[in-house]
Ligand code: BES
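Only one chain comes next, encoded as structure tokens, the form predicted alone.
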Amino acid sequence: MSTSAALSLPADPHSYARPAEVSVRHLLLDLSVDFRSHTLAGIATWQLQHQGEATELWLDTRNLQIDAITAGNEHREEPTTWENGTPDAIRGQSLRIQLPVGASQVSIRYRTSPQAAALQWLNPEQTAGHQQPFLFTQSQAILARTWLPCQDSPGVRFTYEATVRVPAHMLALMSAENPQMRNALGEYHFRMAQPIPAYLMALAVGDLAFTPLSGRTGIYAEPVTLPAATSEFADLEKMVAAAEELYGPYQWERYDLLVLPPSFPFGGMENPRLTFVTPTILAGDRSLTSLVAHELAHSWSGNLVTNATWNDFWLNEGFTVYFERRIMEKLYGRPYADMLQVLGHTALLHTLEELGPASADTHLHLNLAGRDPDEGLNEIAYEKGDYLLLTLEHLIGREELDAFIKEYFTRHRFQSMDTASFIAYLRHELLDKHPGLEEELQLAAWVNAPGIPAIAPPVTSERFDRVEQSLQDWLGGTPSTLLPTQEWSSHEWVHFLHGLPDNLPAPRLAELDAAFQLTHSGNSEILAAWFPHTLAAGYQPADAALEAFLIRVGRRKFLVPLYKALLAASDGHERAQAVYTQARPNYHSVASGTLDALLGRS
């Protein structure tokens, strides 16, 4: 990142770092992974870029044990003094390091806490193979500081090299150039030549194997999961090629997927070169691979051009959702992409209802100061951001919008972008060329006002229209077995289930279940849409499957609404507490933190 870029960034309310004074530019990381103590230990050496005459380096930490710090240059370092700031429940602690005159690097010897929020330590029973333990990280949004002393702001980018030592029978992977097979020593070396922010630092260690899909794509997974994953993601190279046709060359050399154990809290995480994905998308029919298209799109929107602070999160996710659906349209046709758009729109309306029509949290540009930025990671950034771009497409046409987006990614690659700077760029490059367009678009209402501006075009799907007709037929008395469901994708099933009345009695659900075996579906999206109805109706044949799902799956998208539905059911509070007690050890801290608050756990 250039000096001018660093100086122009807005202040990040979630970081103690002062990159306008001294910023990190390259990391040399040496770590040992200890599964017995659930800790990482080693040395982080930061090479620095001075923006002025500052004599201190400010880093972010949280629950790290700092053993020693030296500072100097690549030839000689000397011990230096440092000070930890007062702990903050959200931001952790500042680490203020004194820099000798001319110091170009610092080395920090440290150890993580067994409770480090970014680190998920799984015992063998929590993995697919049930033979070896597993470790994975989740650094977004501000959890990199729990396993690495760093400038944990999305506006600060750095390159890195790493050496990681693990048990010899395991494979280590990072968001970097990766090995494709394990070695006898259990020592792995990594290099990331493209600059990334700290939230894209990632590490995974476990019983893993690799299958190539093309010259630049492949799948990592536990051996027992690898065949199904290889089949599910057979179109991965086609996705990358489709994305490049839309918005320019892929800039990260390889694009591989790592299928994680079920406790992963998200659908996917766009760690550069190595997207982490949940096994809940292994549906057997490639019907849920739009999630992979989403994470791939992040290779442009998010990883290549990054939100400067978490208040600007929509710049990552709004572009990514729009891009994802364009990829899926290119591969599978407009009617397929339209279904995804309607599902997203439904989720947006639900979030708007939950947050309230006047909530400032429904603005695209957020004010998350003093709050965990995780609170801003909801459908507003994703779907309202996408809806703004969809509206712009509606007003000026795809060809011109595509040219703008492609140039935006090209011109700002490996840089960060805040909302004000993006609006200025949008005006200069696009809006000002069309007098009256900004007012017609109602740009200010999208960015700094609640709800959805009236200019937004309707969102429709022909395939869903047919599903809705089938739903009305069934509600009107047509037997389940006569519904034309043979060619339905999981999206059509989810739309059908979302459309069911809230007060359906158990016998009607039993009829559906007998015809379509919904309770025992292997598709997580279908199950997540089905179980709230079974809970509301007291349909007991689904109870055991629901509890097994909550214990097995750690994806927060599913867990939160299902626990809410369980809490709302008769005797649901007691059942929810019992299931959560059993399931909580399987959940990542990102999920358990949300659920602890929901269920009143301290």
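Since the model is a prediction, treat every value here as computed from it, not as a measurement. One-based numbering along the sequence shown.
Quick note: we don't show the form predicted together with this ligand, though the next part is all about it.
When this ligand is considered in the model of the complex, Asp312 lies well away from it, no heavy atom lying within 4.5 Å. Contact annotation: Gly267 falls within 4.5 Å of this ligand in the model of the complex, judged by heavy atom distances. With a 4.5 Å cutoff on heavy atoms, Arg555 counts as touching this ligand in the model of the complex. Tyr322 falls outside the set of residues with a heavy atom inside 4.5 Å of this ligand in the model of the complex.
Every residue of the trio Gln138, Leu291 and Glu317 has some heavy atom no more than 4.5 Å from this ligand in the model of the complex.
Of the listed positions (Tyr382, Tyr255, Trp530, Tyr220), a single one reaches within 4.5 angstroms of this ligand by any non-hydrogen atom in the model of the complex, namely Tyr382. Listed residues His491, His298, Arg326, Arg273 were compared with this ligand in the model of the complex; His298 is the one with a heavy atom within 4.5 Å. Contact annotation: this ligand lies within 4.5 Å of heavy atoms from the stretch 139-147 in the model of the complex, the single such stretch among 109-117, 139-147, 330-338, 391-399.
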